[in-house]
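Next up: a single chain in structure tokens, the form predicted on its own.
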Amino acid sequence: MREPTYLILTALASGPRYGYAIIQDVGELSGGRTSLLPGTLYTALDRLAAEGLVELDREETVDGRLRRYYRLTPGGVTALEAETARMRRLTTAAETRLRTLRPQTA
């Protein structure tokens, strides 16, 4: 799973979000390293919806503009959990190997 996809799913893990809120959340989660443009986000959301990982939660009009809220599906939760576990295993392996590079203190 690519990092932007992981971050989008993570943003939605705390509840339904609309596009701009997802963009902001992704920026915060990544410490500003990942910045999504609206076109990129909506293309990703369309793909994730087609894969059954997210779905439209609701639509509402705010200040004359339509907001579409998206939420994780059960399949999206499962995919996010699996990717988080995979990354945790990789992190543990990296930490284990890095310990061998550090001098041991008495």
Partner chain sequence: MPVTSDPLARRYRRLLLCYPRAYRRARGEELLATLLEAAPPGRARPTAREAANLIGHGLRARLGRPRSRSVVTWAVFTAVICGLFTAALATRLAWETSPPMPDRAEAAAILADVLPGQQFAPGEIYPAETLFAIYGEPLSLNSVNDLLFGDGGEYALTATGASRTGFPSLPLDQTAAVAEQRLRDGGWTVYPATHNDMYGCAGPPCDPATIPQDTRLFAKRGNTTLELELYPQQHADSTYLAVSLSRTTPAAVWPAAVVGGLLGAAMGWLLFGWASRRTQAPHPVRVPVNVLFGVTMGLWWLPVLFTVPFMVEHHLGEPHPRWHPLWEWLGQPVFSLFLVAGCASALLGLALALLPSRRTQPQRVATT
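Numbering follows the first chain given and starts at 1. None of these values were measured; they are calculated from a predicted model.
Beyond what is shown, the protein has a form predicted in complex with its partner chain; the following relates to that form.
Contact check for Pro38: a non-hydrogen atom falls within 4.5 Å of its partner chain in the predicted bound form. Looking at Gly19, you'd find a heavy atom of it within 4.5 angstroms of its partner chain in the predicted bound form. Although the partner is absent here, Thr78 is not a contact residue: none of its heavy atoms lies within 4.5 angstroms of its partner chain in the predicted bound form. Of the heavy atoms in Arg102, none are within 4.5 Å of its partner chain in the predicted bound form. In the predicted bound form, every residue of the candidate spot (Ile23, Thr43 and Glu55) has a heavy atom lying within 4.5 Å of its partner chain. Contact annotation for 56 to 71: residues with any non-hydrogen atom within 4.5 angstroms of its partner chain in the predicted bound form are Leu56, Arg65, Leu66, Arg67, Arg68, Tyr70, Arg71, listed in sequence order.
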